[in-house]
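Below sits a lone chain in structure tokens, taken as the form predicted alone.
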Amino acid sequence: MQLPPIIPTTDRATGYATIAAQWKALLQDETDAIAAMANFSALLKHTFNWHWVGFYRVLGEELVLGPFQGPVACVRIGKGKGVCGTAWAEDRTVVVPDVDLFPGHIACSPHSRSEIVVPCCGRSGVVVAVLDVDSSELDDFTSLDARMLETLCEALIPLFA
């Protein structure tokens, strides 16, 4: 399958419009959640040039590092701990304009300044993973990012048990 090239952009609306078609094409015949999460991480990282983009999977009572793009990351996060654990525990997207002001923030990288975490549900409606995006810029995520990332993550539902 030939996909159009990924062109980095700072215009979020244009970036999301561009990757929506690519994401749909990538998922067209995909049946493996890990492969899809890996490609989605790469697509987001290379489109928006964010510091870190990846997934944590729910395994038992903790989040375990899944496919990602960026520097080395924390491997395990407890439920309700940090931004990722909070998004999982509360089953809601969490946008953090300044990670230094988030109580209990888990600092995996000193270069992360703002963060957005989107819970991903399986077919049962239960959270099975979270999409974690870190930016090296303060206050980098808006309601547009939350809405678009939630919508794009919904495409993963059929791949999750």
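All residue numbers are counted from 1 along the displayed sequence. Bear in mind that the values here come from a model prediction, so they are computed numbers and not experimental data.
Form predicted in complex with a small molecule: not shown, discussed below.
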Checklist line | Contact test in the model of the complex: His105 vs the small molecule, heavy atoms, 4.5 Å | finding: yes
Item checked: Heavy atom of Trp50 within 4.5 Å of the small molecule in the model of the complex -> no
Note to self: Using a 4.5 angstroms cut-off on non-hydrogen atoms, would Tyr56 count as touching the small molecule in the model of the complex?
What the structure shows: yes
Check: Can you say which of 119 to 127, 23 to 31, 36 to 44, 106 to 114 gets within 4.5 Å of the small molecule in the model of the complex, counting heavy atoms only?
Finding: 106 to 114
Check: Hey, with the small molecule in the model of the complex, do Pro97, Asp145 and Leu149 all fall inside the 4.5 Å heavy atom range?
Finding: no
